[in-house]
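Okay, so here's just one chain, in structure tokens, the form predicted on its own.
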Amino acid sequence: MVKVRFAPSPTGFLHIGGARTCLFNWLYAQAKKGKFILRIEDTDIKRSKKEFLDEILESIRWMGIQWDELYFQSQRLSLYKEFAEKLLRENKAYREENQAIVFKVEPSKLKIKDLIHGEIEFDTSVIKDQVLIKADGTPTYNFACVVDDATLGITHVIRGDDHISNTPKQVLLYEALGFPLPEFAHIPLILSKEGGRLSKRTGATSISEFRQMGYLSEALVNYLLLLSWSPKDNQELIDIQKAVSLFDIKEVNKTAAVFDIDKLNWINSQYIKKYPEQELLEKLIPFLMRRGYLCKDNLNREYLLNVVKLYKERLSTLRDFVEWADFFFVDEVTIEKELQEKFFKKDLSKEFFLFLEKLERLEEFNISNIELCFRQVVKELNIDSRQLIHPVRVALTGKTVGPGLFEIIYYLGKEKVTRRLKRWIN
């Protein structure tokens, strides 16, 4: 049975590169009807934090990934010491004065067949003796990794290209301990558009931050899928279950992937468009609550749903809605000085007053009647509709773009519209 693992360290949050590695391991296990193991590498006691562990586990769950088994290296320390002592007894390792146990590296030529890169050759003469157990009694990364992968029955080690340099060191330990070698697959790194390593500025943001920025889990997973792999028909929107039926680790690209936030935004916007409006609303409510625009005791879902419908086709992220539709949820809007100078340099008291007067006389306040009022004002004043429509929009929303003005007026309501336009009547 195929058995793969993802082994994050709880010394930081789960970032894009780690999330893709996790996804590819899980996908391969699903495709081969195997098992996906989650191993927490928490032997660095000083740097390992519960908050990081909680974020990693929650992020993996949020991505829709479920592990079959969960292990913590901190609970397996006696196992590492046992195998280190075995190497000592066999004279394959020695103990230093500080009690550290060190593996003897013998010069040799190693060849491994990487499932992505093909055959890779290593010269171990350039590798120094490897510490197995540090002076403080904790195992080193490479040693714990080998003991865990072997004793847990990992058949395929799928990880980032940055681990290729660890592979010969680990192969030597597999051989010294008499463990069968797993198959290796090293995924190319994710680079920025400029070609460098990802930084926070270029997209190396934690999964929880992408979640807070308003990306849907399905969209982010879809995007991660396309970083170094693609379906045969080059489709860009792909359901995860369909991906399972198509995925093969051998088809992952050898070259580095480029993180493109614009592509991610486009994919996210497509998923938002496909979302049922009621479900989309439920995802938006927490964002509105965090901003203080809503409270649990005062949720008019019917009204909110109508506002969501105004924006659904325009959104790239859920947070866009909070930024763009904020004027629906505040008493007064803030209008930047630049917009004031552009749209209210001329006194619009007459135009605004006439429009409000007609709105006040409406027997039925609906979108079609609001538009009729507006057209009447434009006709009576003999002006181009653009001369009035833009200032009214800015006065009501503080923005120059958005949904249709008459829909905005209707859902804002007569009271808010009157108050906001009166602000500009001398």
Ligand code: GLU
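Predicted, not measured: the structure shown is a model, and the values here were computed from it. Start at 1 and count along the sequence shown; that's the residue number.
Omitted here: the form predicted together with the named molecule. The next part is about that form.
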Original post:
Among 352 to 360, 100 to 108, 156 to 164, 262 to 270, which stretch sits within 4.5 Å of the named molecule in the predicted complex, heavy atoms only?
Top reply: 156 to 164
Original post:
Does residue 420 reach the named molecule in the predicted complex if we count a contact as any heavy atom within 4.5 Å?
Top reply: no
Original post:
Is residue 4 close enough to touch the named molecule in the predicted complex, meaning at least one heavy atom pair within 4.5 Å?
Top reply: no
**OP:** Determine whether any heavy atom of residue 229 comes within 4.5 Å of a heavy atom of the named molecule in the predicted complex, and answer yes or no.
**Re:** no
Original post:
Would residue 327 count as touching the named molecule in the predicted complex under a 4.5 Å heavy atom rule?
Top reply: no
**OP:** Would you check whether the named molecule, in the predicted complex, lies within 4.5 angstroms of a non-hydrogen atom from each of 8, 41 and 141?
**Re:** yes
**OP:** Taking 4.5 Å between heavy atoms as the contact cutoff, choose which of 145, 133, 207, 219 touches the named molecule in the predicted complex.
**Re:** 145
Original post:
Quick one: which residues from 306 to 340 get a non-hydrogen atom within 4.5 Å of the named molecule in the predicted complex?
Top reply: none
